[in-house]
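Two versions of one and the same chain are coming, encoded as structure tokens; call them structure 1 and structure 2.
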Structure 1
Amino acid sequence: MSSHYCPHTPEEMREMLAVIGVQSVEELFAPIPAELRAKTFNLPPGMSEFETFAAMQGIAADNQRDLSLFIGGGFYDHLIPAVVDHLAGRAEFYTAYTPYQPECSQGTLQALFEYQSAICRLTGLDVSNASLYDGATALAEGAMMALRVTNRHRLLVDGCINPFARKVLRTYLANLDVEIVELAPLDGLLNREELAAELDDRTAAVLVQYPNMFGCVEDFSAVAQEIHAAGGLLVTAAYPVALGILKSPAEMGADIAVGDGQSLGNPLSFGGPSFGFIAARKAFIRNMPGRIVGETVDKNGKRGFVLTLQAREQHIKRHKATSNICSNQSLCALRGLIFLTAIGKTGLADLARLNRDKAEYAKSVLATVPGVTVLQTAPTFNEFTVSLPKPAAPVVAALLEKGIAAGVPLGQYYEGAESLLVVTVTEKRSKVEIDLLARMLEEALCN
């Protein structure tokens, strides 16, 4: 019987088997030695799409989905214009393959070229690839790119970078001959004295992030000058919505810029899929990881787009490739482009300011809660750190039971930070929610 997505009727199967010259489908599996054949296979029996969807609704309902989210940590609860789902949801985009055959893939190729252009314009840098997996792996790829460019083996990593991203970086480099020096944060900022002491002519790159894990925004222009003087590179990780107003990586002197693109039109979706972006100075293009779309012309001189500089990639260079990446997060990058197009040039700056306004309001309200102090060492964007009069973890757990994800406690990620809480406020949080957060926090702290 034909079933689900296997369309053959028994009659058709008989005809096909006759052409092949076998009696049964089972005969086609004869090359698999009998003693190797599967003995167990215990999946449940199948069901219709209707029963399947109902089961999925049940699973979805077993999560608390209406939390008031004041958490970030790399993923952010932003508005997504309706056009993003509708346009990226066109099957001609989402059921297409990697555009290796350019003539029948101009839609994907031009869209990725426009995406690369958007990333270049946001970061101020010259070249972008067609996406990486996520922000954390993009940081690791950016670091490895800096190691290749400089042919050095030492990295200075700001401890204010997102702890998951630092963990991924360490995991990627664990089996390679690379020295990673992590600089412990100083009041939520890069420890510049320690950086100066560690910086030498063996250092491939300094890795920093803005806004950082504490929410602080720093200008790394001076750091760029110092590392350049030592012959190394500056790699910055950045939150793309914040780049609507913040100094661009290029303006700070960054050589390589990376980040997570989730905030650009991709749903939270329990952590994925999102996309990682990477941009760099033009001189480094041959050291870029992953796919790159380039402009060219066809035989008639008409503009068209192709995957270019493929000699960097694994399907050509195998073990000598700049990275092993093959599939990237193309559709998520397309969502990023559609988001940036819908929000537009002035819209992104407005969106960034709206985020900051909400966060500054939340800061002012939380500062009035007895015992709570706001970390004031640097300006912030839409995240900031507060110090509570007691350990943050049980307070967060108590508020979670009341439907509020109040922030990310830092004790798990930094020594001696048990009382610190990072609060994130995007444009989606209303004044009412912010006021409620303050009230509930006050209540939780009294208990």
Structure 2
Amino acid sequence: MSSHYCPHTPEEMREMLAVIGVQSVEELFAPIPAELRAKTFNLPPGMSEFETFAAMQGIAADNQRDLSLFIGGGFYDHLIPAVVDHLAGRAEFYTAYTPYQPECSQGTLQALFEYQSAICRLTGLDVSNASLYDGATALAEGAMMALRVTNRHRLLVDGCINPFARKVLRTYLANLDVEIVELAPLDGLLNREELAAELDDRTAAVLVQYPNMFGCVEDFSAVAQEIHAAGGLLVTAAYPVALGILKSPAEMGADIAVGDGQSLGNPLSFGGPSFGFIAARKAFIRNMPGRIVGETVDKNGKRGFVLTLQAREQHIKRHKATSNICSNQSLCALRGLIFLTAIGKTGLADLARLNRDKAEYAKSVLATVPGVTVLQTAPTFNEFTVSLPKPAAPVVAALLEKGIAAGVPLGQYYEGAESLLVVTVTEKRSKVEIDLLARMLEEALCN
């Protein structure tokens, strides 16, 4: 029977149902609750490949909208150089699987080795693994590293960390003997008095975000000194593009740096996929999750690459593994490497400055809108928080109908923050778009 065959008669349908041991279509779908079942599929007659493709294009066209994106909160609308798609689309990379056999995987292994080197340069730390799933799970893996290194069971988590990442952290650690203490934000910043009160010799790590969910940029050098004095570690979740101009996690005394690599050459794609990165001090390398690619020489003395310190449950560590992460996001990580290589060190700095400068212009324009206040508690990068004279969520909904995704309302994540809106401005946003945002916002507030 052809894979494209579709039964058309009741007799044929009954024959197929009999083969799988049910009497009717209703019996076939009985395990699915009635309220979740489709009333009818309304499937059209069979079509050729060309006809199907044309129909799908028509459906896709109905879903397309040209939006001016001022939304961030973890995923960012950055330019992607054409070379990223070109090189990452080569069959040698996009068809490659886990490089278990180094003798036939040198290209993949070298790419991952260079990726690790780039992450180390970006964060200022000594070692990196071959990537993780995303930024949220990378934060959880960084926390688990700290628990293993210190042999402690208490984490202090800044409430200014992305709320989705905090949820993933709690899910990761739900069945472990770990106490998670969340520190409520203070004016969009880490509450340092509460931190001092909670920090003790049971604390494995303090977890912070840089810049944070409110867009604020804090120097955590003093926090690093405090946690180190108490015998714990500092885990910093960083926005990689911002590191083009900001002090690196290592310069602030961070022991472990994590983050999401989506902004490095990966498209938004409705939320994924991207990749997570993690870097740490060399002393902690044996507590790193996943895989690490190392440089070596072959029997002829030629440079080569191998998987090393594979602390995975599938490998020799087995029940002693530091993580159960298996297939990682190597292709997405490769895109990150190509992106960083293409723009270079000065290019990354230029990109970061462009993000900051456009965000500063947006701040100045939005501050002129009646009733809008720009929070000024700390420096910002390309995200900042504004206070509106009415709840932010319906204002955002109104602007979305006009083709402007104005930002992330904070009311659903923080108590008492219903009027707060986080606005993101990347290098892709033009002066025209920023000025239009301000005009449309003023109109929405007047209605």
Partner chain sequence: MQLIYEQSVPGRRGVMLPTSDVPLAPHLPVHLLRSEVAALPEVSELDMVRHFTNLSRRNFSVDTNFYPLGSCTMKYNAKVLENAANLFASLHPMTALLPGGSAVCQGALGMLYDLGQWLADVTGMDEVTTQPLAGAHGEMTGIMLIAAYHKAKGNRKKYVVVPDSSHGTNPASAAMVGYEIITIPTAPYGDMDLELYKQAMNNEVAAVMMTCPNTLGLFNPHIKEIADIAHSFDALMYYDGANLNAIMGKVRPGDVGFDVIHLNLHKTFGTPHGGGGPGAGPVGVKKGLAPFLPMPRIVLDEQSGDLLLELDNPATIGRTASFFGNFGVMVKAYAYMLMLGRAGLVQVSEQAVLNANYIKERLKPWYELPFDLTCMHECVFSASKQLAHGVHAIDIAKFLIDKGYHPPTVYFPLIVKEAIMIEPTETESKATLDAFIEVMIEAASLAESDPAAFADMPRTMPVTRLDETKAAREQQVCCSG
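For clarity, a rigid core is taken as the largest C-alpha set superposing within 1.5 Å between two forms. Everything numeric in this text was worked out from a predicted model, so none of it was measured. For numbering, take structure 1's sequence and count from 1.
K.L.:
Between structure 1 and structure 2, which should be identified as the form predicted in complex with the partner chain?
P.N.:
Looking at both, the form predicted in complex with the partner chain is number 1.
K.L.:
Given a superposition on the rigid core, I'd like a yes or no on whether Met47 shifts its C-alpha by 2 Å or more between the two structures.
P.N.:
Yes; that C-alpha moves by at least 2 Å between the two structures.
K.L.:
Could you check, with the core superposed, whether the Cα atom of Arg14 shifts 2 Å or more between the two structures?
P.N.:
True for Arg14: a C-alpha shift of 2 Å or more.
K.L.:
Any CA movement of 2 Å or more for Gly58 between the two structures, core superposed?
P.N.:
It does shift by 2 Å or more.
K.L.:
Rigid core superposed, I'd like the Cα shift of Leu28 between the two structures in Å.
P.N.:
Superposing on the rigid core gives a C-alpha shift of 25.2 Å for Leu28.
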